[in-house]
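Take a look at this single chain in structure tokens; it is the form predicted alone.
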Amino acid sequence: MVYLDDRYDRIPSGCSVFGVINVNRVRFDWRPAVTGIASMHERSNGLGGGFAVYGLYPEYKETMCLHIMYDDKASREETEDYLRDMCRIIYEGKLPVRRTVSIFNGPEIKRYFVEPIHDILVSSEEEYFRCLTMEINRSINGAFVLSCGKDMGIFKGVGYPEDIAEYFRLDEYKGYIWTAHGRFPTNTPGWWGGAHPFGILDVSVVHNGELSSYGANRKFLRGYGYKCVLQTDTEVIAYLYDLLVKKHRLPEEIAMKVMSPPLWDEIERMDEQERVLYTSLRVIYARAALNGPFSVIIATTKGMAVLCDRLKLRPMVTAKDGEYFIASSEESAIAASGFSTANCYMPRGGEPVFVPLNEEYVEESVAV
């Protein structure tokens, strides 16, 4: 039996990530994601686990859904007063949970399906809810927006990921993308808001590693109105992807090349057109580059992306099985989740992999 103490606080290989997408938007149940992440149990230490699910609320797929965690009654009342001032609440209720032996005293988490009050909608709906999320996280003590997006939601907390899945009753949901994380915190405390995934609008991120560029990234984002208050470096990855793809309209692969750019000696060996492109990106977005060891899975309502640091200091393996694409810290987790590993591929350092969803929404649900 392994006992954890302070000596293990910085096990560098800790944390596990897992993601699976059905490119035809066929919704499937919790089992591949939970089985896959649970098979990497020893990569986390019970201080954080979580899931992001897309295709989660088809009955409300055109309506913004917020999952919000509260420390106490006062923070809930202040947040709900603010929401009623800013939104029309179509439905609200506590997120259903199942108390377990492992998790029996979690914080109150509610979900709200809301529409903006159009009289005060001065910009796009996305910018409206981006600002609303930042304002709640920044100014209401004890309230944290876990997710704010359409037809998706984030479930996370302190515990092993398989325990988090049971606590949030994920066996009752289906989705066309599932991402999962098992956490082994290294530089920040293990708390419910600090577990992965992190999200902003429909962007969610699970991350293995640590960012030495966090300070520079945070200052860069501050210039565009993003406020980082959740005590973790992963937060900046979600905000950077949101900024580059949604605000600056960069293609997904280019946005990922901004975050994990080619080395200068690689750029020098490129043909002229590529050399001009990547030199320009490195100059314009110098403070958006991520440094340090990392492997991440990014999910949106457009698809799923995989990215590693340029030296591939954290593991990542992908596989394709029919209409499913899977990404994981370990190949064994792909096999454990029931998918074939015959077409496994290990992305090179800095190589972006983006798997888009087909456009048509399929209502049919199947089990894997």
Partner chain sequence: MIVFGGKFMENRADNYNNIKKVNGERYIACGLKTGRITVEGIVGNDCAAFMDGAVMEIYGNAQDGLGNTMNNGYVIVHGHAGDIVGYSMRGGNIFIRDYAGYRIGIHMKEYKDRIPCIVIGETVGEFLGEYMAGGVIAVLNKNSKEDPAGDHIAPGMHGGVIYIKGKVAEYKLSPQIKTEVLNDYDISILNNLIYKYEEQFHLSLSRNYNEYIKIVPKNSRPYGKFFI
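Positions refer to the first chain, counted from 1. Just so it is clear, the model here is predicted, and its values are computed rather than measured.
One more form of this protein should be noted, the form predicted together with the partner chain, which is absent from this view; the next part is about it.
Put simply, R27 is far from the partner chain in the model of the complex: not one heavy atom of it is within 4.5 Å.
Using a 4.5 angstroms threshold between heavy atoms, R43 counts as touching the partner chain in the model of the complex. The partner chain in the model of the complex comes within 4.5 Å of a heavy atom belonging to E330. Taking non-hydrogen atoms only, K302 never approaches the partner chain to within 4.5 angstroms in the model of the complex. Residues placing heavy atoms within 4.5 Å of the partner chain in the model of the complex fall in a single listed stretch, namely 338 to 346, out of 319 to 327, 45 to 53, 62 to 70, 338 to 346. For the candidate set R169, R138, R222, R269, a heavy atom within 4.5 Å of the partner chain in the model of the complex is found for exactly one residue, namely R269.
Just one of V229, A286, L263, L277 comes within 4.5 Å of the partner chain in the model of the complex, counting any heavy atom, and that one is L263.
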